[in-house]
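Just one chain is shown here, as structure tokens, and it is the form predicted alone.
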């Protein structure tokens, strides 16, 4: 037996959640009404009305749901100058429950991966609080494009990692509902109908490369001569990192004036020239190919060696959003051809 939910009932639920004052994020067309647009730009955004939610008609949003638990800009604490003293003002921890609807499994799986980063030698209370307050409803991928490679990294269109509820398309108007956690069960309580029908899990994209060949290439040495040729066209714009569900680099800076300010955390990227620049002026990764090499090694060797899994879910966003057609997949396919 299975639990089913009609598309119209998902819309009804989202409408109820919004009416109750809950924060709900989901895919939305963010350039609707632009007379110059050629294609719809779909992003995960906070919804203000249920009509903004889009569940189909595209492969995946341009951005990722990591912004829901790891904001681009976040205040850690404030400070005020009191004469010769500095008084610290704790930042308030998040308190609002939030729901993500229509997340892609490759996005939800990234949260499971990021959990290890933010709870390694230090437990990040801001990240953990948002994770506790967030319920993720994922929608299994019924379509993919040439950039998708989840099946090449051990994932797939029905990956359960990081999800509280998984929706699998049954037909054009109904979904099989799989509640994977207590949060998911609580969210869907009383909303589904029991049925003998079950959805067929959709097939993912074909395998684009083999991890064994990649592992051999990376293990053979950090200074392989192929790296410059493979990565020299990278512009260092950071689009790959900012639209990647697993990239988590950040910088901490003080923002303020003569009376005080705040210490804040902002997203950063290892592809930026200044990321590894020393105060002396020396930069151990002075060339863009070195920075791209670091990105690949981190995702497929350094992170797995430390945490036991890849720092990549195969979403393809890095290539899909790259202005020079790079990203992880083209680099790995080139590496595989050279192995």
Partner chain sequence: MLDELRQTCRRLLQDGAVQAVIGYGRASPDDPAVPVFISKPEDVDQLVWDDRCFANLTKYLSRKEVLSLGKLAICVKGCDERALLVLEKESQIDRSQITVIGLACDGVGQPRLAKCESCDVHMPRRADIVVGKATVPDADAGAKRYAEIEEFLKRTPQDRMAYWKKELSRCVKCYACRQVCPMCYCRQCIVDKNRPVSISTSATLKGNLAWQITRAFHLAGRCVGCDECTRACPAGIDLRLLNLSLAKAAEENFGYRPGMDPDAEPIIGAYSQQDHEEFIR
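No experiment lies behind these values; they were computed from the predicted model shown. Positions refer to the first chain, counted from 1.
Heads up, the form predicted together with its partner chain isn't pictured, but that's what we're talking about next.
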Only one of these stretches, 240-248, 175-183, 213-221, 113-121, has heavy atoms within 4.5 Å of its partner chain in the predicted bound form; which one is it? 240-248
I'd like to check something about residue 286: if you look in the predicted bound form, is any of its heavy atoms closer than or equal to 4.5 Å to a heavy atom of its partner chain? yes
Contact between residue 293 and its partner chain in the predicted bound form at 4.5 Å, heavy atoms? no
Indicate whether residue 79 is a 4.5 Å heavy atom neighbour of its partner chain in the predicted bound form. no
At 4.5 Å between heavy atoms, is residue 133 in contact with its partner chain in the predicted bound form? no
Heavy atom within 4.5 Å of its partner chain in the predicted bound form: which of 54, 301, 62, 276? 62
Taking 4.5 Å between heavy atoms as the contact cutoff, choose which of 234, 188, 166, 99 touches its partner chain in the predicted bound form. 234
Relative to its partner chain in the predicted bound form, which residues of 296-329 have a heavy atom no more than 4.5 Å away? 321, 323, 324, 325
